[in-house]
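Below you will find one chain, with nothing else, as structure tokens; this is the form predicted on its own, and questions on how it binds or moves follow later.
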């Protein structure tokens, strides 16, 4: 087991910067998710750590050892793909045993380690089945068992749950996090699923155009985004532009005051307030607080409802709540409000940051 260190790591493909000057440390045992849109450099980072592609610049260290120029087989890394990549002609036992067999481990050791790995992923009794005799979730657990059976230093997961349906994906997410904690193995996950990133991660790194936009705990990245790109990419966000009134909040161009902590920003400086939809309250039109708005759309999502509103302050606003809470119908005039502590201010320089 070991930490991962990126020291000025870069990867270019001609004029394209797939990864730009990445410098950060992933502590031993951490579950780090790499999140970003298509083409942001997520899989490239995983490939660099695995040794599948060489960096253009910088160094990568695993457990204090410089692995920048080492071949993949010299890095002690377990890798799981979305496609599972199981050998269809081998049974479950031999699929999981493969990393041990190629390392020349004794048969008795292989048998013990494979049995223990299958028990960890709840596949006792499945050793003699072929991959095509398993469900998607079972195949993914075989792939996970094969990845950690030889006790690698690092576990790399490239969209490992992407091929599963939603219900099964949520079940395997719970199993995966419990397994990672049990093993104590440093893990890098690439995903485009934001809920998956928030639920699984100790920390999240958000990328755009190969550049790190923010790294932090799920709560930090979600509730205190570093810039407008992070705010808009990680879930839905209400963004209101105005000017800072020090110690009071943000004054909108239409005159409303968004009360919030001003975070030391200068009086009169332009800034953007970020408010997540689930923090927005719908109030009667006669309420003495909030911003006047009209309900344009009412979206039913089963576990919650989401309202899209045209506000008198200009920008479209979004509110969300558990079904049955704060009901409003299309066309209703309402007022929208939120607690000052649920507002996060972005200074002018963070408004358009995206690369």
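Just so we're clear, the structure is a prediction, and the values are computed from it rather than from any experiment. Numbering follows the first chain given and starts at 1.
Just so you know, the form predicted in complex with a small molecule exists too; it's not on screen, but the next bit is about it.
Trainee: Hey, of 8 to 16, 328 to 336, 341 to 349, 21 to 29, which bit sits against the small molecule in the model of the complex at 4.5 Å between non-hydrogen atoms?
Mentor: Comparing against the small molecule in the model of the complex, the contact stretch is 8 to 16.
Trainee: Taking heavy atoms only, is residue 33 within 4.5 angstroms of the small molecule in the model of the complex?
Mentor: Flag for residue 33 set to no.
Trainee: Even though the partner isn't displayed, in the model of the complex is residue 37 close enough to the small molecule, meaning a heavy atom within 4.5 Å?
Mentor: Residue-level check for residue 37: yes, a contact with the small molecule.
Trainee: Does the small molecule get within 4.5 angstroms of any non-hydrogen atom of residue 68 in the model of the complex?
Mentor: No, residue 68 is distant from the partner.
Trainee: When the contact criterion is heavy atoms within 4.5 Å, does residue 107 count as touching the small molecule in the model of the complex?
Mentor: Although the small molecule is absent here, residue 107 would stay clear of it in the model of the complex, with no heavy atoms inside 4.5 Å.
Trainee: Under a 4.5 angstroms heavy atom criterion, identify the one residue in 159, 175, 256, 202 near the small molecule in the model of the complex.
Mentor: So the residue touching the small molecule in the model of the complex, by this definition, is 159.
Trainee: Out of 89, 166, 192, 122, which one falls within 4.5 Å of the small molecule in the model of the complex, going by heavy atoms?
Mentor: So the residue touching the small molecule in the model of the complex, by this definition, is 192.
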